Structures are given as structure tokens and as C-alpha cells.
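Laid out below as C-alpha cells are two forms of one and the same protein chain, each shown alone and named structure 1 and structure 2.
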Structure 1
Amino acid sequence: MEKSGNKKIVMSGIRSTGFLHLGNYFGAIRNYVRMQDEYECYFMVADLHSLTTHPETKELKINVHRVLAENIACGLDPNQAALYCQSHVPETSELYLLLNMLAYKGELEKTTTFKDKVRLHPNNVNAGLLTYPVLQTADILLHRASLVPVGKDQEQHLEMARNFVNRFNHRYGEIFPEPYAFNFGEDLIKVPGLDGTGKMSKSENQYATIYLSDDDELIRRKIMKAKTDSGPTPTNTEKPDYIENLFLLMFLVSEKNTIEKFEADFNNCTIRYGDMKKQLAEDMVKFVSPIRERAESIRNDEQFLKRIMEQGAEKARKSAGATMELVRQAMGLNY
């Protein structure tokens, strides 16, 4: 059941675990910015999700402020979309608890992101980590959202969210629409790391990741260090992964004719990877530096960020409150 009114509802979030990077931008934020005019949008800083892997909270405030500032610097308008902090909407925890009764241990243990995190943090396999997809589902369902702009790594979580929705609706009545991962126009995106393996990420893989706060020199250095080889033979051969990844990055930030030139050079075996990386580095600097500069000017304005968060939370709580009324009614928690 969608909310009244014609606009579809959009919800997504980014964890406050460090510096935002190109993966966050192209997987998520670019879509947020494009969607904000057309849809009813809720975007949040997922501070509670951060606690599953980052129990130390000394850096939390600065990270929350950074994520907010970087979202705004990328073009998000807090007067259009509700931009808020997850813990400022306490209904989140109530719905999370109720949905936990519909989530089975077996399916949670099979989640790819859970298995990855267990490998990375073997000494902190906490229940919050296990139930991460349930909390994420609560975030989405609180607004009865049907579109969730996210990167490819989140596809399985959305599939689980649909399972939880169907179980809830089947048992208690049709309250929620099925949420789907969304990316404008194309398939969901995975921005690869510069080392040819894995994806760009906030907290792992730091030299292989380009952050929106990297200065020009650091961006150039990271790209020039990316793995290449002595060049393709024979003509029109398949690209190895690490070269494919460089083209993928070029596809995100460079002009069409630049990409076509290097594609042609690759196919007729005349490509010079040094030249390609120099071009990619310059295009990347041109893309990242205005965002970095805007974010720097916002990040330290605590008053402004606080006001944005309060305004966003007020909107989000209103939507969450209405949903929780329906949930309590449907479940018979209304005595």
C-alpha cells in the first residue's frame, strides 16, 4: 500500500563510517540528486548501522557531519528531500524490533555482506551485524518507500526486504509496498577499486579508493599507481579486469570522445596506459575538486548542519509516525 498522493517514495542511507568515495557517489548520491525533484525523498545518515562494525563512537559526530556535508556538496537539497540522521527517528528501533520476529536466523547467516563482515571482524560478530538487513528494511518501510537508490552490493538486502514485506503483509495485512533497488537508466553500479580487486569502500581498501575529499595530487598519485601491463595483443582482445576497471572509471568521469579514443587505441594495440591514466587523473580531479571544496566550506558549520538534521528528522518522524500507527493497528497492538 503506497501513501496517498501520486509521488513515489524514495529512501536510502549511507553509513557514517568515514570518508565518502566515488562508489557512494555513483552508486547512491548521484541518484538521490536526480530523484529529489520528482519523488518524495528520505535520505539519512545511518549512524546506528555504523555501530555494527564501528563500536568506538569518538569519531561518530565528525563522521555524521562529514556525510551530511558531502551529500549537500554533491547537490542534495535539504529543502526538497528530508535529510536526517537515523537515530533521530526512534520509530526506527520499534519497527526493527517487530520485523526481527519475521526474520529467520538461517537466511540472515547466509547474507553475503554478513559473511564478508564476519571474515573482516571475526572478534565482533554481534547480533546487530546479523540483523543488519532487518534494520535496513525498517529504515525503508518506515516511509513505505518503493524505490531505494543503492549500489549493486545492496541488491541482496533489497531482496530480503521484499521477503520481510511479504511475510508482514501476508500475516498482518497489506501495509507495505515491495521496495526495489534503483539506479537511473542503467543496471545497478559497482565502482571497482583501483587495485583491480573488490570495490571502492569507506573503511577498507583505502589506497584503491578515491574519496570525495582527496586533494588533486593524491587523486593523481592513486590513479598513476593503478595496475596496468605492457599492453594488449592481439588486436580486439578481451580486457583484463584491472584494465576494464580503468575504462569503467573513465566512463564515469570522462568525455565520450576521450573514452572512444582509448577504446580504439586498446583495440588496435596502440594504447599507452600511462597516457590513459594521466587523462583519467585529470578528468577525475576536474570532477572531484568542486565537490571537495563545497564540502569543506559546509563541514565546519555545525549550526547549519544541526538545523538541516532537525528539519529532516521532523519530516521523517511525521512519516514514520503515520506508518507506525498503521503497523500497530494491523498487528493488533492497539489495546
Structure 2
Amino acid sequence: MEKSGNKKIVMSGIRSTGFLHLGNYFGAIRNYVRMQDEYECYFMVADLHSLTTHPETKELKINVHRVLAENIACGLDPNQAALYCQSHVPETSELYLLLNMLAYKGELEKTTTFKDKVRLHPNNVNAGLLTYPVLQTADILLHRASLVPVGKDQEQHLEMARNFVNRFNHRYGEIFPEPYAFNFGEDLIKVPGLDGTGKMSKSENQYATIYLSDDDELIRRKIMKAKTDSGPTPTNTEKPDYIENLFLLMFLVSEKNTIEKFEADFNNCTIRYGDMKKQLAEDMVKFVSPIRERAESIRNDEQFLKRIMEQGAEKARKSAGATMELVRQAMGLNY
């Protein structure tokens, strides 16, 4: 069953570790901003999830504030969507506990992300790491959301969430809809790294990634170091991947006539990559600097952030409370 009302429910988690970058913006946040107009949206900062791999909590408050500030600076509106902190909604922990009774050790151990984390952190294989997909399911089901904007790497977790939904509904009655990946009707953009070897990442090669907190000079330096070559020799030749990447970045932040000019120069074998990178750097600065400045201003206003978190938690708890009432009733935990 879905909640009353015409709007479908969207739920997505935002990691509270690492700095947001251009890939996060074009791959996710820009779509979140569009979704908040058409759907009932719950966007959660996943601070409890971060404890599975980052048990040191000294930086947690700073990280949460920064992530909230950057997302609001990118256009998320706390008056439209519920923008809240996972740990501020205690119903999460209750549903997580109940769903753990429907999750089996064998299936959790087979999860790709669990196996990866065990390999990376062999001395920190905690129960939270093993049951990460169960907590993720609780986050989604608390709002009885059916639409979850996630990347390919999370699709296995969503499949597990559907299994938990079906087990719960079969055992206790139809309470939850099955959640599905949701890309808002278009392919997600994978923003390439500046080193020509993959996509931008929070943790891989930091010089190949444009962060939304980078200052203007750092953006210019990163782009000027991007891999190029001596240019094409036959006309209308195919672009190598690393040159295609520069054009894709230009497509994201530059004017149409700028892109057309450099496309024509490439096809005519007259392109000067130094000029292209200078232009791309200035267009990138023009794109990133207003977001960075807005985020800095928001981050420095702790009272505003506290109010936003309280407002988001209130919306999320109202939704979660209604769900848990149904869950307890269905399970017979209402004596």
C-alpha cells in the first residue's frame, strides 16, 4: 500500500563522508532538484551508515553540515523535500531491528559491497557492515517509498530490499510497496575524470576530480593538467577517450557556440588544446564558484542548519511514525 495523496514517494540517501564533486552534481543532485517538484521526496544524510567504515566520529558533525550545505547550495529546497539526518529519526533503528529478523546471514555475506569492504577493512568486519543492506531497506521502507534514485552499484541492495518487502508482506500482510531504481526517465550522466582513466570519484585520484568546494585557481590547475595529445592529423578523425572526456565536460558547463567552435576545430585539425582547456577552466569556474560560495555561506550559519535538520526530521518522523504504527499492528506488537 502507498500513502494517500497523488504524489509517488522518492527516497534517497546522501553519504556523509567525502566532498561532493561534479559527478555527484550531474549524476544525482541535479535530478533530485527536479524530482522535488513532482514527487514527495525524502533525502537523508546517512550518518549511521558511515559508522560501519568510519567509526571515528570527531569529524562527523562537520561532514554532515558540509554535505547539507552543498546539497542546499545545489538547489535542494528543505521547504519542498524532507532533508534530514538518519540518526534524527529513531524509528529507523526500530524498523532495522525488525527487518533483521527477515534477513539471513548467508545472503548478507554474498553481497558484493560486503565482500569488497571485508577485503579493504579485514580488521573491521562488524555486524553493521554485514547488515548494511537491511539498514538501507529500513531507510526506504520507513516512508513506504517505491522510487529510489541509485547507481548501478546499489542495484543488488535494492533487489535485497524487494526480497525483505516480500518476506514481510507474505508473513505479516501487505504493508510495503516494492522499491525500484529510479533515474527520472533519462540515463544518468557519468562525469569523466580529468586523467582519462575513469569517472570522477570522492576518493580515487583527487587531482582528476573537480570538487564543488575547489577554489578557482585549483579548478584552473586541475583542468590545465588534463591529458591531451598533439591533436588529430586526418580530418574528421575519431576522438580518443581522454579528448572525448574534455568535450563531455565542456558540454556540461559551456555555451553551445563554444562547444561547436572546438568541435569544428577538432574536425578541421586546427584545434589548440591549450586554448580549449583555458576556455573549459573559465566555464568550470563560472559554474562551480556560485555553488561553492553559497555552500560556504550556509555552512557558516549553524543556526540555519540546525533549523533545517529539525524541520526535515519532523517531516521524516511524521512519515516514519505512520509506517511504524502499521508495522506494529501487522506484526501484533500493539498489546
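Note that the rigid core is defined as the largest set of C-alphas that superpose within 1.5 Å between two forms. Residues are numbered by position in structure 1's sequence, first residue being 1. On a predicted model such as this, the values are computed, not experimentally measured, just so you know.
Undergrad: Structure 1 or 2: which one is the form predicted on its own?
TA: Pick structure 2; the other is not the form predicted on its own.
Undergrad: Does residue 169 shift between the two structures by 2 angstroms or more at the C-alpha, the core having been superposed?
TA: False for residue 169: its C-alpha shift is below 2 Å.
Undergrad: Superposing on the rigid core, do we see a C-alpha displacement of 2 Å or more at residue 319 between the two structures?
TA: No; residue 319 is a residue whose C-alpha shifts by less than 2 Å between the two structures when the cores are overlaid.
Undergrad: With the core lined up, does the C-alpha of residue 54 move 2 Å or more between the two structures?
TA: Superposed on the core, residue 54 moves its C-alpha less than 2 Å between the two structures.
Undergrad: Could you tell me how many Å the Cα atom of residue 240 shifts between the two structures when the rigid core is held superposed?
TA: So the C-alpha of this residue moves 8.5 Å.
Undergrad: Quick one: CA shift at residue 211 between the two structures, core fit, Å?
TA: After core superposition, the C-alpha of residue 211 moves 2.5 Å between the two structures.
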